[in-house]
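Quick heads-up: it's one chain on its own, the form predicted alone, in C-alpha cells.
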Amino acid sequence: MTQTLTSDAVETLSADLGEPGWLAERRLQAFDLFEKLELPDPKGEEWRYTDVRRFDFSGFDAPVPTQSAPEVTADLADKGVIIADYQTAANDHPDLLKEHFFTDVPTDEHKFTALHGAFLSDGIIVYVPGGIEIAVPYEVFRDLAGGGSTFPHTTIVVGDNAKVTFVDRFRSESHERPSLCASVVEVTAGRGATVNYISLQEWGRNVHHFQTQRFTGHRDSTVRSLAVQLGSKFARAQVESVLTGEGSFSEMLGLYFADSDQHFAQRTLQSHAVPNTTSDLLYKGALKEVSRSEYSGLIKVAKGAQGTDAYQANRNIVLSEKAVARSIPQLEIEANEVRCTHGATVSPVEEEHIFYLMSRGIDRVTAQKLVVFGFFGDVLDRIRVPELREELARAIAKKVEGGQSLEVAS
C-alpha cells in the first residue's frame, strides 16, 4: 500500500532498506525537525521572490526503497576507491559514512533538507584516496514516477592530489500527477585535489525540484561545478562554494533555459574563509513564453581573508515580452586588499539581430538558434566533458524549436 510522507513511512522505508539503528534514528530526528520547521520566508534574502509558503507536502507518495548498484572497476577498487549506495556503505564502511553524512549540509538548514534527511532514498558515496585520478567521468541516473518523491544524496570525498568528475542526472517522463525531488550534494576536496561536479536537471514537467549543493575546498584544491536546469515545473538550486584552504579555487557555472510556465530559481554563495583564494562564477539563463527565473548570488569574504579574488556574473536573455528574469548580485566583505566584482544583466533579443541573419538567407528558427547559442557559448565552451557539451547544445536547440515561436523585442 502506498504511503504518504509521514513518520510511519519513514520507519517503513528504513526497515525495508535494512538500515542499522543509528541511520534509522537519524531519519526520525530529521522528520521531527521537518514537522517543527516553518517553510522558508521569501522576505529573507535566500528565498526572495521564491514563495513556497503554501507548498503542500501531503499529495506526494513516499519514496520507493531503492538501492543503486554503483560499480567500481577492479583496478580502482585495488587502489582504495569506494563508490557505494548508502545502505552498502552503512554496513561495509560505517565510519566513512558517519564522518561525511550530512556534515556540510545540516538537516535543519530548512524544511526541505529536513524532509530529505528523513526520506533519503537514493544515496551515493564516492571516496577517492589521495593521489588517485579517475580519468573517466562517473555518472548516476535518477528517476521519478508520477505522484512520487525522491530524495537523492550525493557525497563525494576526494583525498589530497586526487581527481574525479561526477555527473548527476535527473531525468523522467512527464506525468500528470505532481512529483517531488529534494536533493543534497556534499563535496569535499582535499589538498591539491580536483573535483568536477555536474548536475543535469531534465525532469519531466510537473516535478518540483529542490537541490542544495555545498562544496568545500582545502588548500590548493580546485572545485568546478555546473548546474543545469532544463526540465521540471519548478526548480530551485542552492549552490555554495566554501574555500577553507589558501590557494583553493572554485569555478561555478550555471545554465538554465525556461519555457512555457517553468519557474527556475538559483541561489549561489562564494565563501572565502581564508586568505589568497579565488572564485569565478558565471550563470546564464534564457527565458521564453511566460516563464520566469530568479538569481541571487553572494560573495562573502571573511575577516582576515586578504588576497581574495572573486568574480560573479549573471546574464539573462529574455525571448518573450511576458517572460521575467530577476537578478540580485551581492557582496559582503570584511577584509581589505581584495578584488571582488559582480554584475547582472537582463536583456531582450533585438529584432534587428534576427533580421540581419535572415537577410543572409537564414530562416527565422535557425537565426534564433544562432543568437541563443552565441549567448550560451562562453558557458558551453568551459564544459570539460565534450559529450555533455554536445548533449546540452542539442537540448538548447530543442528548446528553441519547441513550443511557441520566440517573440523578440521590437
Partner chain sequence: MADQLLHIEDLHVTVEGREILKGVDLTVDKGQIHAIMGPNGSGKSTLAYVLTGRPGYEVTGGKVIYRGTDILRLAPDERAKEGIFLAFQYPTEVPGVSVVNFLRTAYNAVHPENQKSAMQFRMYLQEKIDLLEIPSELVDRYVNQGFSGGEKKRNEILQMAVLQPELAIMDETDSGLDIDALKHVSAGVNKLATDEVGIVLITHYQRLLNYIRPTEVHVLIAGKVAKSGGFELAEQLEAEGYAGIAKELGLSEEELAEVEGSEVSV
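Positions refer to the first chain, counted from 1. This one's a predicted model, so the numbers in the text were calculated from it and none came from an experiment.
Another form, the form predicted together with the partner chain, is not on view; read the next lines as being about it.
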property	result
Which of 37-45, 24-32, 56-64, 370-378 lines the interface with the partner chain in the predicted bound form (heavy atom within 4.5 Å)	370-378
Heavy atom of Leu357 within 4.5 Å of the partner chain in the predicted bound form	yes
Non-hydrogen atom contact Ser347 with the partner chain in the predicted bound form at 4.5 angstroms	no
Contact label in the predicted bound form: Glu352 to the partner chain, heavy atom within 4.5 Å	yes
Touches the partner chain in the predicted bound form: Thr341 (any heavy atom, 4.5 Å)	no
